[in-house]
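Just one chain follows, in the form predicted alone, and it is written as structure tokens.
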Amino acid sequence: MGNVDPQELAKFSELAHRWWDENSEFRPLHEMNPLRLEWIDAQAQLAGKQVLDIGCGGGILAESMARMAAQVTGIDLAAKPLGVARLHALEAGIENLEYLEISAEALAAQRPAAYDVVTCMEMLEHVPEPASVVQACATLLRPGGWAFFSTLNRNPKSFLLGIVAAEYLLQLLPKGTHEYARFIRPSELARWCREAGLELSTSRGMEYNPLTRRFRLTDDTSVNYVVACRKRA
């Protein structure tokens, strides 16, 4: 199956039926989605754009971008979450949205330079070769197009907050959601982007307040962070 970890697919497939339950294990995705959607739209102006969401899972971000009048394709290699995403879009009557069970690399071979915007959120830390996904994102983009990534930094602070606190103390995520060795330093992601022909535009930290259950963007990228890049013309 290429650049995929079967254990990661099984992990998220097991919980697929709870993807749209805002009080489930996917609550953090629902709570961060308005912030990341606003951040993406502020830079890329989604309306009318051809948009690809890589690692779309149950479709939380993909569906919200379609509601912003973008033409959206969501891709994943986990069949059960894709089934949930398709059903939710069908029930919501959203027609400007398609879901495909395919890898980023395989789609890049089929549809090079087909998209104005590519998003890859909370996904790079779950694949064996994240640099390969970054390269596929660049291939899929048209010149001048936008690529957006989010992941977790790799340092002692991110281990304590991203795993110990989030998974064990606050129980925001299921135990075992993340593997510390797969966390990605911003310098590593920046290098992969440059090598793929993407120019870094901006990066921000994403901070969670467990009392208000709200995320906000900050200048601190030491734990969760988001990156925006543009493909060179």
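For every residue, the number given is its place in the sequence shown, counted from 1. Because the structure is a prediction, the values reported are computed rather than measured.
FYI, the form predicted in complex with S-adenosyl-L-homocysteine (SAH) isn't displayed, but the following is about it.
Just one of 114-122, 88-96, 154-162, 135-143 has residues with a heavy atom within 4.5 Å of S-adenosyl-L-homocysteine (SAH) in the predicted bound form, so point it out.
Careful reading of the contacts points to 114-122.
Please determine whether I184 contacts S-adenosyl-L-homocysteine (SAH) in the predicted bound form, using a 4.5 Å cut-off between heavy atoms.
No, I184 is distant from the partner.
Is there a non-hydrogen atom of L198 within 4.5 angstroms of a non-hydrogen atom of S-adenosyl-L-homocysteine (SAH) in the predicted bound form?
Output for L198 is no: heavy atoms all beyond 4.5 Å of S-adenosyl-L-homocysteine (SAH).
Within 4.5 Å, heavy atoms only: does L9 come near S-adenosyl-L-homocysteine (SAH) in the predicted bound form?
Within the cut-off, so yes.
Is it the case that A78, even though its partner is missing from this view, gets within 4.5 Å of S-adenosyl-L-homocysteine (SAH) in the predicted bound form, heavy atoms only?
So A78 counts as contacting S-adenosyl-L-homocysteine (SAH).
Option touching S-adenosyl-L-homocysteine (SAH), based on a heavy atom within 4.5 Å in the predicted bound form, out of L172, L29, L35, M68:
Selected residue: L29.
Does each of N3, I60 and H126 have at least one heavy atom within 4.5 Å of S-adenosyl-L-homocysteine (SAH) in the predicted bound form?
Per the other structure, all of N3, I60 and H126 touch S-adenosyl-L-homocysteine (SAH).
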